[in-house]
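In the block that follows, a single chain appears as structure tokens, in the form predicted alone.
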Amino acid sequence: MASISEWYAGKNVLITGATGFMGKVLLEKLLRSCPDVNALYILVRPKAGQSMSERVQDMMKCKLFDRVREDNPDFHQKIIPISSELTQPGLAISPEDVQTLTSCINIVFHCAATIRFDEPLKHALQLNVIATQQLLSLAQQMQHLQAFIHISTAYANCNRRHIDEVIYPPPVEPKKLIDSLEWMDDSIIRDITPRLIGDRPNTYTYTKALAECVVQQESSKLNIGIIRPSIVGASWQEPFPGWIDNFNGPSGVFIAAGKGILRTMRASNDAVADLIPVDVVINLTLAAGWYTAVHRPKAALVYNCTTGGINPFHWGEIEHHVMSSFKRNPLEQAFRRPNANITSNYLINQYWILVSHKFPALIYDLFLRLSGQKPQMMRIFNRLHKAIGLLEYFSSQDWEWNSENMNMLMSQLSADDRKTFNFDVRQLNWPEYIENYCIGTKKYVLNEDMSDIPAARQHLRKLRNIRYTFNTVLLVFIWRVFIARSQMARNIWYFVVSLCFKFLSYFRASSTLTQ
């Protein structure tokens, strides 16, 4: 049987969402590990002020493609952009491009989706369900199509605690919902959205569940595979450790903690943080494309691409390693020293939000106003609280995912393919991964130079001295205003101090006796 890279040789591949985080990694991996692939067709949406070709050129200048550039400086010739708009009928693909795609495409990777948790239902339905429906319709016209791989999410069925590798019945028949929302006013849809999504936390997970149903309905006519990644994070190994290019998911939270802005987060320390490196997802996706095309399973195979059941890591552990990493490799111009704490208690979390977020933000904004600048810190904290609030559902509880299909696929790979397309998360060293992740946010998201770390450390020392000075002044102020003027307060103070002294004396004496 041909290896994975050999199977992709000479193939024409269609990728949606190629300008997004996962799409770019998929594009790079195909070009680097399957160098004999014939052509990569990518659907691209022209943006205001930037043509389709300009968007693609900017994407290919990205550091992500450095290794491919070294091996093949002309790699861009294999990338063929197709103008498309997922919100338009027929995906707004021209008749000429439709003819080209239907006559040559061998495999489709559908990565495009809106990943915003608070997306209005109608827009999320258009991008995640209707666009998938239209792409499947186009795929059925493809004369040489061998596999259609759909990227879903492990949280499509997050209303269940145990999630098998099956497509569950949809919360509502997709066609009926699409027909119903067509005539409704946006305000009406907004009002009924909570009742529609039911026990799911947001429109993203709801519409991704509907999209799986749409894919299943077409599975009898196509060879289909569905990949369900959990929380997709920075790369583990490929093309280099720690690559990330956005603030989505945990990346923004890590950066906020590293900058000293985030001081508290409501989550369960013992809950599994089901992070999955992006390169693991992409390697599994390419392997699933190969398997689906070669073995042609009778039904659509679902792959739960998660780490929690195989190599678990908890939110409390993540908090420890993120703080440690940013203290060793601090971000530039931090607001405060990194020191975030996780708590599952609502009242404690609200207390720390008031003391460590809102109060410092008010003081800083007052300083900005007095110096003639525009206040901004409270606005930043409000945005941060909104983002963290959307993540609380996923950071406060556990799920159990079955991963038999993932294990089965791994057993089908040759030794070389397991190395080249590695998705064995048992080999993942979490502390090392989190360290690289934090450094990746510094280098690739914030574009900070690693040579400036000594200056950043000096800045953290300055912040520490400011904090000690502020605490000392506050203590003196409390003493002068509250304690020094009241005999009862002084008595209480002396009692507490003497109690602490006696405790320390007892502890010292106990230690001496033990020795």
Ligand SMILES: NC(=O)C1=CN([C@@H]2O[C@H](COP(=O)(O)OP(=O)(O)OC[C@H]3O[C@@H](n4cnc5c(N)ncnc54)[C@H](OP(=O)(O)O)[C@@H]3O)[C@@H](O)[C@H]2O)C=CC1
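The first residue of the sequence shown is number 1, and the count goes up from there. If you're wondering where the values come from, they're calculated on a predicted model, not measured in any experiment.
Form predicted in complex with this ligand: not shown, discussed below.
**Q** Looking at H459, R69, R45, K63, which has any heavy atom no more than 4.5 Å from this ligand in the predicted bound form?
**A** Comparing distances to this ligand in the predicted bound form, the residue within 4.5 Å is R45.
**Q** Which listed residue (S84, N422, Q216, N349) meets the criterion of a heavy atom within 4.5 Å of this ligand in the predicted bound form?
**A** Exactly one listed residue reaches within 4.5 Å, namely S84.
**Q** Using a 4.5 angstroms cut-off on non-hydrogen atoms, would Y204 count as touching this ligand in the predicted bound form?
**A** Y204: contacts this ligand in the predicted bound form.
**Q** Please tell me whether any heavy atom belonging to V13 falls inside 4.5 Å of a heavy atom of this ligand, as the geometry stands in the predicted bound form.
**A** Judged by the heavy-atom cut-off of 4.5 Å, V13 is well away from this ligand in the predicted bound form.
**Q** Looking in the predicted bound form, any heavy atom of I231 within 4.5 Å of this ligand?
**A** Contact with this ligand, yes.
**Q** Residue-level contact is defined here as any heavy atom of the residue lying within 4.5 Å of this ligand in the predicted bound form; does C111 satisfy this criterion?
**A** Looking in the predicted bound form, residue contacts with this ligand include C111, since a heavy atom lies within 4.5 Å.
**Q** Each of T19, I115 and S152 within 4.5 Å of this ligand in the predicted bound form, by any heavy atom, yes or no?
**A** Result yes, every residue of the spot touches this ligand.
**Q** Counting only non-hydrogen atoms, which stretch in 84 to 92, 216 to 224, 368 to 376, 292 to 300 is within 4.5 Å of this ligand in the predicted bound form?
**A** One stretch meets the cut-off, namely 84 to 92.
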